[in-house]
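Just one chain follows, in the form predicted on its own, and it is written as structure tokens.
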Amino acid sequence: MSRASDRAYDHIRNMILSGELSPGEQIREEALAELCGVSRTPVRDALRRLEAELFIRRNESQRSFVADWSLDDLEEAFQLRAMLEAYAARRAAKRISWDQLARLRSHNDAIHHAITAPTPDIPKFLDHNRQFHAIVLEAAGSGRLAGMLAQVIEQPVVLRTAKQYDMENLKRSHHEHDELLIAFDNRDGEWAAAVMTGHIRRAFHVYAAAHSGDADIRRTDEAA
């Protein structure tokens, strides 16, 4: 791929993840080429990559749209994530270093500070939560697993995590990280896997409720 294609890919992907391009919105190559500062050819290359990664879908007339996930799609993504991250936690429990444990504690402390601020700092929560999970994957020591998880975790619907979290769920997330750390301290892979499975399943149910609410809103808007 050319640098222009890579630049277009990064730009369009970030627009999807940020919500600037909404689920179901049609992709217009000319407008994107202008926004990315490239010709239409690199944009087409970028769109093919994004389609392969399930960020974009094409209809029968070959028009491109931002992928709009159904509840079944959503559940499948979380089931895959739960299986893979549980396996990562199980591996990590046997391999994690003292330095990695210290880094996990540091990020979870930062999460605690973010969610207990007078106004919860959601971007800070998301950043340290991402780094916490990245260290668990690093400790698992499997490049193949890292590649598989990247395709699941980086889906737009999964990256909207804390936007749907209320204070109770933010606190639960932090406490689940605490329990995971205890499992790692004890080098207990089965415990770590069970905690991680519950952690991801809880996130799914938060998203499922939000997804159903969004669908109800869309139906109301369409009927109005």
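Predicted model only: the values in this text are computed from it and were never measured. Residue numbers run from 1 along the displayed sequence.
Although it is not shown, the form predicted in complex with a further copy of the same chain is what the next lines describe.
- Although the partner is absent here, Trp69 lies within 4.5 Å of a further copy of the same chain in the predicted complex, judged by heavy atoms.
- a further copy of the same chain in the predicted complex is approached by Arg91, whose closest heavy atom lies within 4.5 angstroms of it.
- Using a 4.5 Å cutoff between non-hydrogen atoms, Asp73 counts as a contact of a further copy of the same chain in the predicted complex.
- Though the partner is left out of this view, Gly143 does reach within 4.5 Å of a further copy of the same chain in the predicted complex, counting heavy atoms only.
- Shown without its partner, this chain lists Ile122, Met148, Ile135, Ala110 as candidates; in the predicted complex, only Met148 has a non-hydrogen atom within 4.5 angstroms of a further copy of the same chain.
- Think of it this way: in the predicted complex, a further copy of the same chain has a heavy atom of just one of Arg58, Arg28, Arg187, His175 within 4.5 Å, and the residue is Arg58.
- The stretch among 114-122, 74-82, 97-105, 127-135 whose residues place heavy atoms within 4.5 Å of a further copy of the same chain in the predicted complex is 74-82.
- In the predicted complex, the residues of 28-50 lying within 4.5 Å of a further copy of the same chain by at least one heavy atom are, in order, Arg44, Asp45, Arg48.
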